[in-house]
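Next up: a single chain in structure tokens, the form predicted alone.
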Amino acid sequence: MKKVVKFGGSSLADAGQFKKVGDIIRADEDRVYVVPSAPGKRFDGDTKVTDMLLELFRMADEGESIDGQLAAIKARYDEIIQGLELDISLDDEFAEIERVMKNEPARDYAASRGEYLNGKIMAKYLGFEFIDPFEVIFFNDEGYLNSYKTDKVLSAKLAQTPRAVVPGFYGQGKDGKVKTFSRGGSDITGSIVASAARVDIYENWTDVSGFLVADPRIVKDPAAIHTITYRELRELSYMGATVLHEDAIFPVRSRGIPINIRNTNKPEDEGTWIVESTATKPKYTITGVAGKKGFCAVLIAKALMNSEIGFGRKVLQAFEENDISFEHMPSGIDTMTVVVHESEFIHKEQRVVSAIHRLSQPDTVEIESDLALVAVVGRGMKSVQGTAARIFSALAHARVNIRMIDQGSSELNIIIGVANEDFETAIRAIYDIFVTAQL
């Protein structure tokens, strides 16, 4: 059996955390490929190294002196090296960073150095080979992962390397320069390495013991999720659950590689298993409840809309012309609602409304703002009668007005629109009816 292990920034913030990570890796000889993030915060009020590097880029780009900032970043790594009593120097690496920042500052290059330097230290600490993602992970012209080339090159490299450290977050762009994923992209790198190495398990180590049924900032001490499917995870991640980057599931999903979310500070906890499919029955009817604020709904009404061929296409074209993507689109016989991010829509709303009238000649167009979306997700919902009724009853009891309902044909999730001010109340009410009531 082989495993890829990815460690987040909080797991590698200082030498003490590094030692915990080393103990975890050495405790299981199957943990052969390691994907580290950049050092995170050591304490409240501290600054992540990636943020320090982004500030370094800003200073360089605006012509300010970078010497002090560069020294502060180097001190973070020297502290880790000294704490681990390693015989390694990063002087050459920092000299190269200084040269690039003073001559041709690039944001992605700066942001990527946190993982790069941590990978160098991790490889030395473990005695593993260091593999630079710049040489094995590639992006296409559009800035998206070139899956075919990456898998081909990375698979060949890993086949020759029994144990290696592959830093997360970056690779090589089509222009031959460093290109990064979005923030949290080390999760994606771990998934890419797991897929290319054809491992059996991808362990993602962070500072929590897996996924929780609800956001602990809203619900006090929410229950943990033992097993969740890729599809459920995708729904919850998209709606705000942030333990794992939502794009990290795609590279491993096609190969059926399970992801195990673990806690660096509590390695004895089993965490959450993310799998393609499972016969394991969920403990609760719902797997999780999550959501986001800041949406608005555009309600288009037209008599006999359902019999007009191409009506939906014409409406969506109005949004496309203004570079606005939609989130959900519940509809009735004579009505169609398009839900969009308010921040993207607000400055273009009249152009969109005008385009809708021009393209589809509706009877009316109405806009509702300050909308929050709550997703109730669970593979167990389709086998339990009355799930929707229980949701609506819980919200009514909590005096939350439902402004929109959207349920997919898979019966995997139900999306509910409520006022922004009712968001937290709605989350707690749904959690209580499905989880607290069963405890």
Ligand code: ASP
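Residues carry their position along the shown sequence, with the first being 1. No experiment lies behind these values; they were computed from the predicted model shown.
The form predicted in complex with ligand ASP is left out here; the points below concern that form.
None of 380-388, 26-34, 58-66, 43-51 except one has non-hydrogen atoms within 4.5 angstroms of ligand ASP in the model of the complex; the exception is 43-51. Proximity to ligand ASP in the model of the complex holds for none of F139, K149 and T150, with the criterion being a heavy atom within 4.5 Å.
A single residue from the set R183, R107, R163, R351 has any heavy atom within 4.5 angstroms of ligand ASP in the model of the complex; that residue is R183.
Out of the listed residues F211, Y202, W205, F169, F169 is the one that sits within 4.5 Å of ligand ASP in the model of the complex by at least one heavy atom. When contacts are judged by a 4.5 Å heavy atom cut-off, E115 counts as touching ligand ASP in the model of the complex. In the model of the complex, ligand ASP lies within 4.5 Å of some heavy atom of A38.
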